[in-house]
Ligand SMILES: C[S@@+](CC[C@H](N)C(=O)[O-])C[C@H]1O[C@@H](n2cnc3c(N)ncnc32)[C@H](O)[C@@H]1O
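This document starts with one chain, in the form predicted alone, laid out as structure tokens.
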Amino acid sequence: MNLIEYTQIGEARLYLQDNRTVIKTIPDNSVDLILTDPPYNIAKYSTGNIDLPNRTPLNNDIAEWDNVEVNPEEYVDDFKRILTEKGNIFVFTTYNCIGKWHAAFDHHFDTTQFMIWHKTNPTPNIYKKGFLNSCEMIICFWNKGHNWNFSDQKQMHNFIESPICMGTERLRNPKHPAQKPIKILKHIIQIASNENDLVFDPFMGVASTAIAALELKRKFCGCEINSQYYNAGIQRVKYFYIHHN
């Protein structure tokens, strides 16, 4: 079997590889939290760019990678295999995919729930022809005895609010259209894992989950197949360690 190459930076291991190949090499019962943001496959519903007065047209086509269909059924067995007994799974998703994740995973776990991330500054809908795209879903799976670190009832709400990724946190080159805010990722990691636990993100993007995990003193493993995103993630992790040592 060919060796799979990766970059190890401190407590983070990053693969430039298809996640289905990497997952096969991950030991049983070794991952404490799977936190990931797969493509939503919504580009196929696109009606093209939307012209906005006095603004750059809104790119409604997402990206080429969003056209690659993600089949949750392909991940069930390996997610179950690599997850520890106390492990949790959190998957960012949307209206057209949440049913697929539920159908594939629900009967394998004791509990299925979901969270809502409300974006306080969504893209405006100046023509007022429908709702703002201000919410994203996160589907969650776990078994009895799983890690759970709520400090109070307020923290237990399945509703989180924050702006979309912006300012200095938002990468410009390459720009990832679905980059998630560190605040949201840290909230999930904090309640669903413990220090020194291993967080796995099979759809790593620009390694935002890695930064959130490392900031909370977790270990990280992730996969990305886009070399631009991968290299940007490598630089972010290196920058983290330069400024935290």
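Remember, it's a predicted structure, so these values are computed and weren't measured experimentally. The first residue of the shown sequence is 1; numbering continues from there.
The form predicted in complex with the named molecule is left out here; the points below concern that form.
For the options 212, 192, 204, 199, the residue carrying a heavy atom within 4.5 angstroms of the named molecule in the predicted complex is 204. Residue contact check for residue 75: one or more of its heavy atoms lie within 4.5 Å of the named molecule in the predicted complex. For the chain shown alone, residue 14 is not a contact residue for the named molecule in the predicted complex, no non-hydrogen atom being within 4.5 angstroms. Put simply, residue 218 is far from the named molecule in the predicted complex: not one heavy atom of it is within 4.5 Å. The closest heavy atom approach of residue 37 to the named molecule in the predicted complex falls within 4.5 Å. Remark: all three candidate residues (20, 178 and 208) come within 4.5 Å of the named molecule in the predicted complex, counting heavy atoms only. Along 210 to 234, a non-hydrogen atom within 4.5 Å of the named molecule in the predicted complex is carried by 223, 224, 225, 226, 229, in order along the sequence.
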